[in-house]
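Before any questions on binding or motion, here is one chain by itself as structure tokens, the form predicted on its own.
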């Protein structure tokens, strides 16, 4: 992410949505309207920590009646490496922050006859802006939203008030409540597009089910908030074909991070394999693809990989 295209914003207020999720309302420093954005957009936030600048991406929405504001929601992760903990413990109303302009790697498909959103936990956030856009344009949609309980269901009252007939809730800790199941995908008519956001296992289960039920691939959409869990944790080596430089990529480090560490200016944005910005060309070697961006044809060609999440087997030679 290039910080030359950033915005300075102020935290207008902070609200506890649940015991672990806070909503932050951001406004322009000069009180002008912040840039518009489409449903599914996100921003990158740049947090100044003693260890350096920490970049984190959050979905954009606006539950207020006032245009020109950004809102994000941050869940406090138990294994936080600094991002969510900093937001929850250090950020205060009135603080000035640096954020990127909005970007959208999870857009709505307006070829759909009907849109169905499946959310779990903090995965509700990209759907807030998507539903608002569809409602404004009077398009057909519905939401299926799973949480541990009503108390842990972020934006529950907002959703029930604004979209009373379009939301179904599933609370795993409540007796007599149905669980969110991939079998619900069987209930949708032809022409429906489905969207998934939540834990990795949920995304994988619903995506696989949609494919097995015959949904065309272009009708299936999902967004991750974190890189997928890699099945292959082994280190690998990288040779750069043009310069002859060689690097080792440790098991717990991405290829992108290693390349940038040694001054190879690979552009990047989402860091979760969803946007394609960090694509590099592969001259030789086998790649384990963990992205959600490349097509099967592109993966089979063996000529490219996304350096933020995908990994090599043994040794790779890159066209760099």
Partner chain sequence: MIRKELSFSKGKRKFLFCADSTEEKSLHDFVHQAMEEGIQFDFHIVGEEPDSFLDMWFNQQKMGSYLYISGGWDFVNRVKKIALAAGFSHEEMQMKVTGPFKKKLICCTCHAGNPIEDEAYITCRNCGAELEASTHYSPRLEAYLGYVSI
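None of these values were measured; they are calculated from a predicted model. Residue numbers count along the first chain shown, from 1.
The following text describes the form predicted in complex with the partner chain, which does not appear among the structures shown.
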| query | finding |
| --- | --- |
| Contact residue in the predicted bound form, from 75, 188, 103, 245 (heavy atom within 4.5 Å of the partner chain) | 188 |
| Residue among 107, 235, 214, 94 with a heavy atom within 4.5 Å of the partner chain in the predicted bound form | 214 |
| Stretch from 145 to 153, 121 to 129, 190 to 198, 165 to 173 whose residues place a heavy atom within 4.5 Å of the partner chain in the predicted bound form | 190 to 198 |
| Any non-hydrogen atom of residue 239 within 4.5 angstroms of the partner chain in the predicted bound form | no |
| Residue 219: touches the partner chain in the predicted bound form, heavy atom cutoff 4.5 angstroms | yes |
| 4.5 Å heavy atom contact, residue 113 to the partner chain in the predicted bound form | yes |
